[in-house]
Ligand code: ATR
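Just the one chain here, laid out as structure tokens, in the form predicted on its own.
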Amino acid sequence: MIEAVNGETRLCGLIGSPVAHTLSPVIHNGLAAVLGHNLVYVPFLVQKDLKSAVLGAFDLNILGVNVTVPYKKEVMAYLAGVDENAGRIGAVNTLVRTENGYKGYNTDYLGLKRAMESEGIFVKGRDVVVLGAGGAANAAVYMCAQSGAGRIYILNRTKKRAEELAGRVKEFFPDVELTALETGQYEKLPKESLIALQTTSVGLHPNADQAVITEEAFYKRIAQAMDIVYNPAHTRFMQLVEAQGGFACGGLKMLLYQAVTAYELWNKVSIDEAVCRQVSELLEKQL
């Protein structure tokens, strides 16, 4: 963080409920410190009136805002514009200041892609299985379709939700092969070389011993995998992938890169990997 707040300090922040647990201030204040920007990032608890919070933030000259649960969809009604990709995904997590109000972006899907590629996981032409059909899965499936995945399989406890997600993404990428399955139907997946994305909250601390699927037969099919859960750093899902010889990584880099992308949008900068590594170290210490 900067040595002292002054009259030229810019403010960014996070709105949601709850927000006390967030690690976003560690990332954004860390970026400001490394880059020498006169900027401070703080969380704002918004329990009732989202519209007033968004319009008030703009009137207070707040440079940029992140949005977390439960407002990623609702916030879109109070913006001056929405990025095409965010509109297609149906969720906004980053508000960028414009002349007439905030414009909404989704950096979750961009952060996921950047995190995966930093770990050597590239979905172009590959078969991908996504566990879950919630908001994070929506961003993940959209990213895979946009990035040219071969076939995308959505596994969810409720098949109907998986089918709805497949249908939404199919509207924008009609040539992508999307298949919705119940979680227990994993035997219908290709037998090997899959990329797996675990997008549910299963396995999140303190339930670190849990996984959506525990059968070895599923994990034998997985070559590379990412779990969006970052606490614990080494999830049960990751352990199961590795036990069958696959490569697995956790969600800390996704958390980092979605924040980095938001910071780049707010400040009109490009942040290189050396800076990302410095901030990642701060994040790991915090955890």
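All residue numbers refer to positions in the sequence shown, first residue = 1. Values in this document were obtained by computation on a predicted structure and should not be read as measured data.
The protein also exists as the form predicted in complex with this ligand; that form is not presented, and the subsequent description refers to it.
Ala133 belongs to the set of residues with a heavy atom inside 4.5 Å of this ligand in the predicted complex. Using a 4.5 angstroms threshold between heavy atoms, Thr107 stays clear of this ligand in the predicted complex. Residue contact with this ligand in the predicted complex: Asn93 places no heavy atom within 4.5 Å of it. Residue contact check for Arg126: none of its heavy atoms lie within 4.5 Å of this ligand in the predicted complex. Here the chain stands by itself, but in the predicted complex one stretch of 184-192, 113-121, 158-166, 77-85, 158-166, has heavy atoms within 4.5 Å of this ligand.
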